[in-house]
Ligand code: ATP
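Given as structure tokens, the chain that follows is alone and in the form predicted alone.
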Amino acid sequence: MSSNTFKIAVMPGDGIGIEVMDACIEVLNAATKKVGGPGLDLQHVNGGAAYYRDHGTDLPDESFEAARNADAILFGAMGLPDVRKVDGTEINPQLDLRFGLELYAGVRPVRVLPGAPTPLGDPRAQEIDLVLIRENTEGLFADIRKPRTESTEQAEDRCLITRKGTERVVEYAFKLAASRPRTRTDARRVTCVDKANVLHSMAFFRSVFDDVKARHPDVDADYGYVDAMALNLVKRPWDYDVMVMENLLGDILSDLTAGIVGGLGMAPSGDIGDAHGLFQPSHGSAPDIAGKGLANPVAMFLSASMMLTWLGTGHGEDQCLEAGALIEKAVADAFVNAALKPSEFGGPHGTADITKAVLNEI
């Protein structure tokens, strides 16, 4: 039995975020019980669009402090399309957490699970195993917390690329590529995705990438313009390993990569910094299906698996690593053994069915 107990700030948020979080906690408890630990002190934390509508803030100070003091943050989905700030933007407290806790690496694993649906007809789709890394604190998101200048004639958003911000996320990408288990090839490679042929900020991003690359001679490196990469990720995603890019480019391409492995309901993510980690499904709050039992909880389950793996790696906690691996395997086995077809793919299986099938494999 593990003697460690980790404090987890649980932020279910809005819409289906609440439903998939409830299901995830069942799976987390089953997995940690099966392997004998670790202890998880789950602390529910307020925040989100509904909270903003009722209280005038989407992330109260006490919620931010609870997240900052936790060992990890487990995040559902926040935001509702009809709840907006006075400047017209949606509620996104996860962005405040990214900035405030320096969660600079948006980590999006992209892998087709055995038995899971994919829109790609090529049999090589089963070989997809890449990680998209999005710089989380700069780029075209740099000024989102500043008041918008009122004008009926123009608007602008600054794209901020700094050496510090770029260097640390590129360093993360190279270290991850060096440590990843090889499933298809012995090659280790990081791809820099940018628009360096047009934008000065992106040319600078690439120059910093080159500086970091020189410190990692055992890892290959290459480059791709974002427009060409959008094509390549549809035509031959199995050719890529780790890719790193600016904030907005990563926001866009991470949805594309979710699509090639079955959709946002299959896509986990982690927002990771030097001292904190937040783990959440890539999908939104989907208020149109909230309360109907149709939500696919797989991305939430796999995000919890990422959280356990991150905790285990950082704290030398074997039970965390075992529980994380158990959840990932249980999800994959459930698709094969229970022939799962989530409702988002036109199948009959909703939140309860998928959760039951995964629990049966634990």
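Since we're looking at a predicted model, the values are computed, not measured. A residue's number is simply how far along the shown sequence it sits, counting from 1.
The same protein has a further form, the form predicted in complex with adenosine-5'-triphosphate (ATP), not shown here; the description that follows concerns it.
Peer 1: If contact means any heavy atom within 4.5 Å, which of 287-295, 118-126, 140-148, 239-247 contacts adenosine-5'-triphosphate (ATP) in the predicted bound form?
Peer 2: Stretch 287-295 is the one.
Peer 1: Note which of V219, L233, V110, L264 lies within 4.5 Å of adenosine-5'-triphosphate (ATP) in the predicted bound form, where distance is taken over heavy atoms; exactly one does.
Peer 2: The residue in contact is L264.
Peer 1: Since only the chain is shown here, I'm wondering whether I16 would be in contact with adenosine-5'-triphosphate (ATP) in the predicted bound form (any heavy atom pair within 4.5 Å).
Peer 2: Yes, I16 sits close enough to adenosine-5'-triphosphate (ATP) in the predicted bound form that at least one of its heavy atoms falls within 4.5 Å.
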